[in-house]
Structure formats: C-alpha cells, structure tokens
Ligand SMILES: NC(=O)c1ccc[n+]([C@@H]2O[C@H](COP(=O)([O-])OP(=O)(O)OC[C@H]3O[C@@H](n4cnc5c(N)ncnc54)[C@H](O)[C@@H]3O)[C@@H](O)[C@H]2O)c1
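Only one chain is given next, in structure tokens, and it is the form predicted alone.
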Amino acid sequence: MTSPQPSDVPPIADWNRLLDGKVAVVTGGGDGIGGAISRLFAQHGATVEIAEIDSDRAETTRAAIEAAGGTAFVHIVDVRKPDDVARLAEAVLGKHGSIDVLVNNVGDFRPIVRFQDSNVESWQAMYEINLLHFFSVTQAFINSMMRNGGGSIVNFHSVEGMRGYPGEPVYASMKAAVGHFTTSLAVTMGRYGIRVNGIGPDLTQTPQVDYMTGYEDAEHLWPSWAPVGRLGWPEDQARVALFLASDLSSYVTGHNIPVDGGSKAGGGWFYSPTARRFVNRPKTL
C-alpha cells in the first residue's frame, strides 16, 4: 500500500465559498452565535437549515440570508424534546437525504441555582438544555452522514467546561461533558470521514449574555479582562465554526477550542472580597 502523498490532500476549490453545495443544520440558528453562523455559512455557499425555538428570530435571520443571495430554511423546534428532534431530522433528511455539517449550538446558563440550593428539577433542566440534545440531535443525523461518506460536527459548549467555574458547577459539568462527548465521538467517527470538534466561547456579546450593560464606565479595563484586549462578538465564534466545518480543517478532529479572547489562558475568575463573589471582569478587587 502506497503511503498518502502531499499531493493527495484535496485542494480548496474556492476560498470565498468554503461550504459551496453543502447542507448545514444549525440549532439555535436564529440569533446570537447561531445567527452569525447561519449567515456566514450561507455566505460561503451552504444551504442552511435553521432549527430555532423562536420563530421571529429564525425568520429575521432567514430573511437576511435570502436578501444577501443565500439559501436558508426554518424549522421551529425545541431541541430538548425528542419528538421535535425527530420532526427536524425527518424534514431535513426527507429534503436532502443527508447533511454535511451539523452545528449543535443551543445552550443556556439558566436556571441560575447555586448548587447548595439546587435540586433534581434544576439539574434536569440544566441537563436538557446543555447536554441531552447534543446526544439526540447528533444521533438523528449521524447515520445519514455515515452513509454519505463524511461531514463535520461542531459542538458549542463553554470555556466554563474547560476550567473551574465557581458560579454553577452543574452547568460547568454539563459543558465539560459536551467537550468529552466531542472528543470521544471524534475517535469513533473518524474512520467514516466524520470530524467532530468543539468550541468553548467566553466574553462574547449575545442576546443571552450581556457583557456591556453596567460596565460602560469600565471599557478601558478590557485589556485586563481579556488578553486580546476587547469584547468578543458572535462573528468571532462563527469564523472558527466555519474553519471547523470546512475543508480548511480537514485534518482536525477531536479538539475543543476555547474562543475566548484568551480568558482561559489568562486565568479567568477572581474572588472579590468587596463584592464577596467570584468575578471575571473586576472593576476593583
């Protein structure tokens, strides 16, 4: 058997259309990080199937994509519900037969319940929004990807699953589980041509997490809060997702990338005796 040669690496046909002809499913794809991913993927030629619980958010993003010349479809689903996941898969696979890219993007830090006050109900809610659907949505599509000969799965979790998170250890544990699911699934699926990678965001302004309100008088401290010296935006996350979804990363699998402006590398959380809590953007300690 002849060893692969450098010339065997498939070339990038069009650097401006990195997902040309691909079908991508983006959960939570109507706004925030998911919305930025949907728009960027469509810009690079993908047909984007937006799975979203909020119809207004989904339609706004779909309209923006179509106005820019892209193609997107909307599915109003709650990925926490197995019946909705099955309905999503039936609609998408019935139309396309298979998909090329799956972005599992849904997640939430709520309900905010400190561990000492938490209970089975809060743990279950945290599980459903931050872990369960990664299993169910991935399983709903992965057999078609195996039959189709490959694809890319990108799982969004959080930098809090990659370091100690004092605010909510149950949340952090769910995010860490997604990261390990990502790594383990990548080992299993590599031989089928399916790559699986994760992204751990932090310090990114979204409708869900507001890093600006209440800190207007302290913007000059961003170089202290994030090594890159600025706030992150959904587009910062979307560009890394595009890299992982496209052939640019054809030899990358099983990795979890913190897209956090360097906050994980820089330490991240500090205990404030004044505030009597952990903070990640101290005005003063």
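Owing to the predicted nature of the structure, the values given are computational and were not obtained by experimental measurement. Residues carry their position along the shown sequence, with the first being 1.
Heads up, the form predicted together with the ligand isn't pictured, but that's what we're talking about next.
Scanning Ala177, Ala86, Met146, Val209 against the ligand in the predicted bound form with a 4.5 Å heavy atom cut-off leaves one residue, Val209. Within 4.5 Å of some heavy atom of the ligand in the predicted bound form lies at least one heavy atom of Asp202.
Using a 4.5 angstroms limit between non-hydrogen atoms, Arg80 touches the ligand in the predicted bound form. Though the partner is left out of this view, Asp54 does reach within 4.5 Å of the ligand in the predicted bound form, counting heavy atoms only.
In the predicted bound form, Ile129 approaches the ligand with a heavy atom inside 4.5 Å.
The partner is not drawn, yet in the predicted bound form one stretch among 62 to 70, 23 to 31, 38 to 46, 238 to 246 has residues with heavy atoms inside 4.5 Å of the ligand: 23 to 31. Residues Phe156, His157, Ser158 are the ones in 143 to 167 with at least one heavy atom within 4.5 Å of the ligand in the predicted bound form, listed in sequence order.
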